[in-house]
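Before any questions on binding or motion, here is one chain by itself as structure tokens, the form predicted alone.
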């Protein structure tokens, strides 16, 4: 039986402003098991990154967690003080941000930055931290780590900088690594190298990974399970294999139809109409209804629940999920 590491229940992160309440994260449930990779996928603005910042208790003002729990090994992070969270960040949960140059100080050597991260979380000397920083650079596959440690970020390529950021994130052996679009700014070849590196390190360090991305190709290559997010909600959850084989939600199907397939050169891509709604928009029905080709009156009048499809490992939030697959009834949903 899989052992639960992180469990999120009913999480709501809202931004309360003069123009109203922005429901950026609007009641999500997620479970991350020890040693697995869970992908969160969706368009820009769907709430993926704000979910990760909520986990770390780093939601910027005027954002605030207004409901729900975030339990790490059964301990609710929402109730923690900032001092308590400082002890958890780095040691238990680390994060890789999407643009390495914004994560690194441009005028401090990379070795010094890794050492500084280690000393912020562990009671070791400067010398020990410097030695470990070189070990971490070696671990992430950077050649001549002793020399690279003396260089500043601008002296490294984009792929090298991202490896440095990974080294910083893993320096204190976290149980959970949150990777927020870690390959977005890299070319395809370097992307593949970084994904392989992360998978290898995950096995070696026995950690769980929460992989946040808009790239379904990255999801297929790196994730065990996937949660599809739209307008602050989870609309579909399943194993990666099942999601790509037969998506249930029209939004998931739209995402898959809008990416090119190597073995089907002549197939015309099908873009989705419209755009993701503002988090300040009020909805009485399904948030995807305005863009959905299957929408009927009920979709605009009632908000669909996340229901289990055949078993609890596959869940979908849609009144017409059967029609989005084969056009006929292929299973029986039950309320979760």
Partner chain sequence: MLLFIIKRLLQTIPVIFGVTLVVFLIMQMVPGDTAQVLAGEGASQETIEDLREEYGLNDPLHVQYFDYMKGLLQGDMGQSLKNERPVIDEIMVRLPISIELAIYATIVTIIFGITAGIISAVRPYSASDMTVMVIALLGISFPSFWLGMILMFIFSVELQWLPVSGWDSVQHMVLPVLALGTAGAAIVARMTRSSMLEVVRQDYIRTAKAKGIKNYLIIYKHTLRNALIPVITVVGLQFGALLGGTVLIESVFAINGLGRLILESIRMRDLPMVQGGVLVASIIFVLVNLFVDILYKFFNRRIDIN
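Since the structure is predicted, the reported quantities are computational estimates derived from the model, not experimental observations. Positions refer to the first chain, counted from 1.
Although it is not shown, the form predicted in complex with the partner chain is what the next lines describe.
For residue 238, no non-hydrogen atom is located within 4.5 Å of the partner chain in the predicted bound form, even though that partner is not displayed. Contact annotation for residue 228: none of its heavy atoms lies within 4.5 Å of the partner chain in the predicted bound form. Interface membership of residue 120, defined by any non-hydrogen atom within 4.5 Å of the partner chain in the predicted bound form, is confirmed.
Although the partner is absent here, residue 168 lies within 4.5 Å of the partner chain in the predicted bound form, judged by heavy atoms. Proximity to the partner chain in the predicted bound form holds for none of 306, 315 and 322, with the criterion being a heavy atom within 4.5 Å.
In short, of 111 to 119, 71 to 79, 129 to 137, 204 to 212 it is 111 to 119 that has heavy atoms within 4.5 Å of the partner chain in the predicted bound form. Just one of 234, 104, 198, 149 comes within 4.5 Å of the partner chain in the predicted bound form, counting any heavy atom, and that one is 104.
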